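The data below hold one chain only, encoded as structure tokens and taken in the form predicted alone.
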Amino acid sequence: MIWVDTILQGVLLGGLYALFAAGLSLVFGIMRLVNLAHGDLIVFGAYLILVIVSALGLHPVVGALLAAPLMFCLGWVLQKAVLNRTLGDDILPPLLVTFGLSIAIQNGLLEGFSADSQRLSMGALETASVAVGPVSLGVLPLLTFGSAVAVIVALNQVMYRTAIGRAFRATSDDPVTASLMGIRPDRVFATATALAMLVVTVAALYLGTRANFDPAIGPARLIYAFEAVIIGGLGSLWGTLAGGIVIGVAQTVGAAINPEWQILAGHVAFLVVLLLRPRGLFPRGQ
């Protein structure tokens, strides 16, 4: 029964990693942009929610709802004014620009908030749990996993049942032909990044409520997001959830064997999947 609990806790932890990865998967799937600042943008979102909560005395969920439109606008402006200029056949410019953005965000947050760790308080919800047979599951991890599933369902609905989703897919397949059909790739890309920033806001909420955060933790979140995306298969949103679960289960099993193995076990699982399925578990188009 201990191992059942361990695996269930790993599945729930995988929901958090899937939230970290969903926005990254969306942006890469549409414009093949590798955003090295993605983890730092999640941390930035957590600090934005913290500022709103502290200034207005609101619940973190309400603070996230207020932060979401600000993050949406930030994503639009960032892609329209900066990242669109880097897109092309050469993958190096977006890597360099987003790496610089990552450094700028980290140092800006360090200057504004110091290196002290922060946390968003959810009150009694942090310790609440529900019994599922002989296993006790935390309410907050359950909400995290449910939010991850809801986000991926919503993104799939947008991608395959809306006009903007058709524009996303058309521009991803052939931006030149899409532009001849009246689609503006620059606006489509900006909308995609803005939508990804809404997902980043949800990830930031659960990052801030489930653990302490500080300006320097963004790169570690980026690694988890990359691993989840690659395990699931590039461009596959449901694969991203599966990738997050693989990492989460590997970490909890590793921690159950030896607490020092928690992080290492997740990376080992990533390498094993790459060895057996180089294109990931559910590569798009397969």
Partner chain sequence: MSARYSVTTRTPASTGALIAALALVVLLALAPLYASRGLIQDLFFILTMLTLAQFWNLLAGYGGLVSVGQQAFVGIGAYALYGVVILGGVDPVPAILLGGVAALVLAIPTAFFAFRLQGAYFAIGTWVIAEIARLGVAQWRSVGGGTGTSLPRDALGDMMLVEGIAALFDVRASAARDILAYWLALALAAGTIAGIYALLRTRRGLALAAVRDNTEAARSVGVDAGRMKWLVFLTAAFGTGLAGGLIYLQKARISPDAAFSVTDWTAYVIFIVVIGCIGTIEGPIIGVLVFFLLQSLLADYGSWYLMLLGLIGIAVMLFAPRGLWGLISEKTGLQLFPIRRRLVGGVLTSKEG
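Residue numbers count along the first chain shown, from 1. From a predicted model like this one, the values you see are computed outputs, not experimental measurements.
One more form of this protein should be noted, the form predicted in complex with its partner chain, which is absent from this view; the next part is about it.
Heavy atoms of no residue among 48, 138 and 202 are located within 4.5 Å of its partner chain in the predicted bound form.
Listed stretches are 138-146, 78-86, 192-200, 115-123; the contact stretch with its partner chain in the predicted bound form is 78-86, by a heavy atom cutoff of 4.5 Å. Under a 4.5 angstroms non-hydrogen atom cutoff, its partner chain in the predicted bound form has residue 91 among its neighbouring residues.
At least one heavy atom of residue 219 is located within 4.5 Å of its partner chain in the predicted bound form. Under a 4.5 angstroms non-hydrogen atom cutoff, its partner chain in the predicted bound form lacks residue 241 among its neighbouring residues. With a 4.5 Å cutoff on heavy atoms, residue 108 counts as touching its partner chain in the predicted bound form. Just one of 150, 96, 132, 73 comes within 4.5 Å of its partner chain in the predicted bound form, counting any heavy atom, and that one is 96. Distance criterion of 4.5 Å from any heavy atom to its partner chain in the predicted bound form singles out 234 from the list 68, 255, 52, 234. Contacts between stretch 211-230 and its partner chain, counted in the predicted bound form as any heavy atom lying within 4.5 Å, involve 219, 222, 223, 226, 227, 230, listed in sequence order.
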